[in-house]
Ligand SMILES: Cc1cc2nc3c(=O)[nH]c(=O)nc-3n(C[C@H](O)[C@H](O)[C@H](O)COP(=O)(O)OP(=O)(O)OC[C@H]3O[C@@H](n4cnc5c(N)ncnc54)[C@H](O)[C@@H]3O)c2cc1C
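Okay, so here's just one chain, in structure tokens, the form predicted alone.
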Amino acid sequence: MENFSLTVKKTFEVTRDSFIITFNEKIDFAPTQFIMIETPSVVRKPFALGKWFDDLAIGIQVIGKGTQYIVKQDVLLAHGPLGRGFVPPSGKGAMITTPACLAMAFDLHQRYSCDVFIGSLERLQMEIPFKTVFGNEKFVNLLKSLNGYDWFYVVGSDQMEKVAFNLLREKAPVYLSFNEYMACGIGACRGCAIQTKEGIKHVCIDGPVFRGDLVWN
């Protein structure tokens, strides 16, 4: 883990509150690893590392003062990469996520040739290379239509992940990225502890990706 600065190359507005930020720097990271970015408050915020075409990138949804601060900066201070990289099972996979996680999705698509499906409540402000559905009903219909895959990886809100897990779990293993509160990213604060069938795990050092049936019934 290292502390470093990232200089913003370009910020793309994906929806009204979701953005892709690309950087001039390149760093080595494993898929689904994340960085902790400093904000004016004492709390650093975690963001999954990814790519947007050839550039290092993160996706971000503005939900408060901290994320609002981050999308307005030209230089960000961060440490990482953190977390365990996700290595999926063999076979054909599908990632299901939201516009805020496009950078991670692009990286996994490049690494594992998985299909990517985006569920959004709002129309997108830019063209993206993945199938996108809008609204809850179409999202549920999309999930029901996904067959022939050997694994699924779902990233989104807790509610979205639970809906996807319940609809996909009988088709193939479902992996979920957990978004628990964390202050350090290195297992010291214990803020991201979750109960699993294998005991207490910490999202920052044991995850952030877990097989869904190890966490939820």
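Given the structure is predicted, the values throughout are model-derived calculations rather than measurements. One-based numbering along the sequence shown.
Below, we refer to the form predicted together with the named molecule, which is not included among the displayed structures.
Only one of 63-71, 144-152, 167-175, 22-30 places residue heavy atoms within 4.5 angstroms of the named molecule in the predicted complex, namely 63-71. In the predicted complex, no heavy atom of residue 51 sits within 4.5 Å of the named molecule.
At a distance threshold of 4.5 angstroms between non-hydrogen atoms, residue 105 is out of contact with the named molecule in the predicted complex.
Contact annotation for residue 100: at least one heavy atom lies within 4.5 Å of the named molecule in the predicted complex. Taking a 4.5 Å heavy atom cutoff to the named molecule in the predicted complex, none of the residues in 102-121 make contact.
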